[in-house]
Structure formats: C-alpha cells, structure tokens
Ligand SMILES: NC(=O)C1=CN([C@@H]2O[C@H](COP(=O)(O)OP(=O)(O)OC[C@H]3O[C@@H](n4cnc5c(N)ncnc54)[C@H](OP(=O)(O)O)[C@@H]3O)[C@@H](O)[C@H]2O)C=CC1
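A lone chain, given as structure tokens: the form predicted on its own.
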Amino acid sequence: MSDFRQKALDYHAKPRPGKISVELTKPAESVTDLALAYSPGVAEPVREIAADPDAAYKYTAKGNMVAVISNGTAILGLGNLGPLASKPVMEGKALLFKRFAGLDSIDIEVKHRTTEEFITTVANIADTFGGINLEDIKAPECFEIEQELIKRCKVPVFHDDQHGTAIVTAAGMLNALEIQGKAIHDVTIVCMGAGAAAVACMELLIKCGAQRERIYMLDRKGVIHTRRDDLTPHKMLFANNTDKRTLEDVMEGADVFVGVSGPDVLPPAALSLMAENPIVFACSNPDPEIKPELAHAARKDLIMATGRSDYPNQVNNVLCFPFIFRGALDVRASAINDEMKVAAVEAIRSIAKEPVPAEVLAASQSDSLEFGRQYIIPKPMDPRLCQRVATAVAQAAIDSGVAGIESLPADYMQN
C-alpha cells in the first residue's frame, strides 16, 4: 500500500470516522433550555412557520444549510460505483462548504431505480434546505435531473460538475484571452469531451461572447457534426456543419483547446497546428489531456491550465461553488441563474488582476504571483473570494428578480 493511500485512509478513519459532524448552536444545559429547545417551547416557531413559510429562515438553520446529493453514478474519475461509495466525496464537499463559506452542509446519497425516482426523492426533501448541490451524477441523466429539479424546487439547485467547472473555466479563459491579446468573439475553440462539464463550459463561454459556430466539440467518435445520426440532444447543440472529422483537423488554426475528457489524449504534435499564442485548458483529473511539460516544450507561446494543484493555473471548482451558494442563500434566492453565474465569473477573474496578499503567497508556497501566463486565476485559499464572489452573486440575484429580499444590508460580508 502506498504511503499516500494509507495517509488518505487514516485521514478519513481517525480519530473518528468521516469528515463532518453536527454541532449545537443553542444552550442545552438546563431544564429551561430543554423546554425552549423542544417541548413546549418549540411549538411557538412551529406556529410561526405554519402561518408564514418564510419564517423558517428566521427560526431554523434552513438559510445556512446546503444538501450535497448524489447517486454515485459518476464519482470523480472512478465511474459508477454506487451511492454509498460516493459518501466520502459528498462529505468532502460538505467540508469545503463549511471551510470556505461558513455554510452548514449535509450529504445525502440516493438509491433509485429510475431517474424520476431520484428527482422525486430530492424534490420531496428540498424545502428542508436553503440550497441543493447535485454532485457526481453521470450524463446525460444529470441534465434532465437538474432541469426538472429547478422546475420543482423553491430553493436553488446547482449541479457543480456542470456549472462550477464552467464558471471557473470561463473566468480563467477570459483572463488568458486578455493576456494573449485575443477577443472571445473571434476565437476558434476545440472542446475535447462532450459530457456535462463540457456542455456547461461551452454554453457559459457562449454567454460570455464565444460564437457557437466557432466551437468544435469531440466525443469518442470524433468531431460532432451535423451529419451524424447518433447524437443526444445536448450534443446536437454543438453539431457543427463541417467536413472536419479528426482532432488534427479542428486543431488547425485553433486558438483554444479545452479538455474535459481523459488523460493523454492531446498529442504534442497537435499543438503545433494551433494559432499563435494558444490557450490549453487540460482539465482531466488527476491526469490531464496533455502533461504541462510536454505542452510547454511544444509551444513556448502557450498559456496552460490544468485541474491539478501542483501546476500553475489550477481550474478548481472550490473557487466558486461555496461562494455562489453563500450569496444565493443570503438573499434567499429561488434559483442560480445565468446572471448569477456570469457575475461569479467576473468577480473571480478580477481578483487575479490585483496584488496577491502575503497570506495567499505563503499558503500557496509562492514567492510572488502576478497576473500573467503563470497566474490567470486566483488561488483557492484566497480570502477575497468569499466576499467578492458572494456579494456579486447576491446582487445579481436581486437585480435579476430571483432573490427573496430587495437589497443587501449595508454591512454585508464586512465581518
């Protein structure tokens, strides 16, 4: 057994199993405390909530609680290992919510026979929480599940594997394009992968200005084009009217490569086909579509990003999802819409252009970080993320009409 594997197992098992627990927020030491906490005192907030459901935000933990829900059909890069096997990942997500945004979170793993059963289960328990984070659900079912739950639930529903990845990718991409002297509406993009993350990344880049007809998406059978008869509805959105069929065909003159597929699928020779000052986001984890060392050896004018923390420019969902939920829950949002996602993109990318605090340099073990090819996106431990992203998302929710309050407090996120 490798040393790291044993450390990982020990971390999860000792000194007590798991990564999360429940803490009390009110005193429970005396008879009076218990009378207030339970019977008969608990009857008073029950009556208030029965009369006005919004009172649940005042008298319960609903407004600071996120459910992390999975069926275990697409666990990390491990595949369909079932709901119970996904529990360590979902507990980990709950840990990140608490660590980075102060949100309480509980993991829920659902067994089901049909997609409709999963949807019904989640919809039936949604009002318990301030928001629902869907996780590790395979495509194409994840599209239907999220869309149907958004319709049925009164709280925001967010599939992080889709939209978290897309938001961080868009933030880094816009900065990379700025550094490389390119405009998003002019570039040609190659997307290797056609699953949930790929579709969400491309759709958000389009909302940020990319042209759909200049995006070439590939799946295991090659380029997705209009003459194929085996495409799902979501792949059809990216069916290009082209005679190009191979990776090499579409890489000729391309400005951007986005990989959300698998390891080592981008040969170095393909990089030589790209336009000047190319951008490569190789986000397959733990092994990227091309190793950064090989990419930089092939192209000296490259900006390179991966999903790994041991290379510059890490595309990491933790840069956004805790803070998107923080902002959404703080204004009692009923949904996380496109306006909120774009607001998060702009808030994240703006931080990378500012001087980096000493505490971030120390935590990232860096002597210096300055906006440029080796630093296009903030580090996950940057404390500015919570305040800036949550505020931007909360204000966008208010401005777009999905918030349950009319304005942010003057001192919002100041403490």
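Residue numbers run from 1 along the displayed sequence. Computed from a prediction, not measured in an experiment: that's the story for all the values here.
Not on display, but discussed next: the form predicted in complex with the ligand.
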Contacting member of 204, 153, 303, 139, with respect to the ligand in the model of the complex [4.5 Å, heavy atom]: 139
Have a look at 177, 315, 210, 145 for me and say which one sits with a heavy atom within 4.5 Å of the ligand in the model of the complex. 315
The chain here is shown without the ligand. Which stretch in 107 to 115, 145 to 153, 325 to 333, 131 to 139 comes within 4.5 angstroms of it in the model of the complex, by heavy atom distance? 131 to 139
Even though the ligand is not shown here, does residue 255 get within 4.5 Å of it in the model of the complex, heavy atoms only? no
Classify residue 285 as contacting or not contacting the ligand in the model of the complex by the rule of any non-hydrogen atom within 4.5 angstroms, answering yes or no. yes
Is it the case that residue 77, even though its partner is missing from this view, gets within 4.5 Å of the ligand in the model of the complex, heavy atoms only? yes
The ligand contact at residue 291 in the model of the complex, heavy atom, 4.5 Å: no
Checking a candidate spot here: are 161, 165 and 193 all in contact with the ligand in the model of the complex (at least one heavy atom each within 4.5 Å)? yes
Pick out the residues of 257 to 280 whose heavy atoms come within 4.5 Å of the ligand in the model of the complex. 260, 261, 262, 265
